[in-house]
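There is one chain below, alone, in structure tokens, taken in the form predicted on its own.
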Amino acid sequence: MAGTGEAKKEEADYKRLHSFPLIRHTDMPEEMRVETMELCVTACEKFATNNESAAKMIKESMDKKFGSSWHVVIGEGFGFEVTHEVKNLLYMFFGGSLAVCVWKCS
């Protein structure tokens, strides 16, 4: 029983340490980067068990705010190579291993 309590405490500590967004790469202007990062965190928290809905929320919000042709990928353990418009890419991690990539191309 004591081992279970310790495991839960370690998991809670891990989640607390990794619940902040960690930007891996971006070329967005500061204001756009901050807004996009906050939007990604909100969507991932709101749809914690449904990455497709989170991606849809981010895409629709970005299309409205910054014009159309935004693309979003959310998940764990993926690689990617994309062509994007300059100053329109954000690749970040949230919650430890959940990656979010947002980019615009037309």
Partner chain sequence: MPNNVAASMRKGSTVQKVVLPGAKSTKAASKKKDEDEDPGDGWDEWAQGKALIKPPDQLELSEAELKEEITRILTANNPHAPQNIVRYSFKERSYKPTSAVDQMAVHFVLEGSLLHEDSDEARRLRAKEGLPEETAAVDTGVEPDEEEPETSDTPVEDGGEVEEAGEEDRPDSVASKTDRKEPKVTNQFNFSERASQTLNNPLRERSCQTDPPPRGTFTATATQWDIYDAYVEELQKQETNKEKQKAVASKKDNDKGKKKTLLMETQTDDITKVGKASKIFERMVNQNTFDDIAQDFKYFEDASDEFRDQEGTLLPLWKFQYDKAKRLSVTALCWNKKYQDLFAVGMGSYDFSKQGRGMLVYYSLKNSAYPEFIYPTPSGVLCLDIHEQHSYLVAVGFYDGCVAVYNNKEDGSEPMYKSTAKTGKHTDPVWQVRWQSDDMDNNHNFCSVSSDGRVVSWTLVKNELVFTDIIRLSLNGAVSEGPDQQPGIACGTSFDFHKQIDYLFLVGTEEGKIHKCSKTYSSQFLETYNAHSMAVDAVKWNHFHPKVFISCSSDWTVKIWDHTINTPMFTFDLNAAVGDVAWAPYSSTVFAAVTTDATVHIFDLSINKYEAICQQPVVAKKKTKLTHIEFNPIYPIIIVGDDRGYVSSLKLSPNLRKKPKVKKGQDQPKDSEMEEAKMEKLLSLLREPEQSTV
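Keep in mind the model is a prediction, meaning the values are calculated, not measured. Residue numbers count along the first chain shown, from 1.
We do not show the form predicted together with the partner chain, though everything after this point is about it.
Taking the partner from elsewhere, residue 29 is found to have every heavy atom lying beyond 4.5 Å of the partner chain in the model of the complex. In the model of the complex, none of the heavy atoms of residue 52 sits within 4.5 Å of a heavy atom of the partner chain. For residue 76, a non-hydrogen atom is located within 4.5 Å of the partner chain in the model of the complex, even though that partner is not displayed.
Residues of 72-95 placing a heavy atom within 4.5 Å of the partner chain in the model of the complex, in sequence order: 76, 77, 78, 79, 80, 81, 82, 83, 84, 85, 86, 89, 91, 93, 94, 95.
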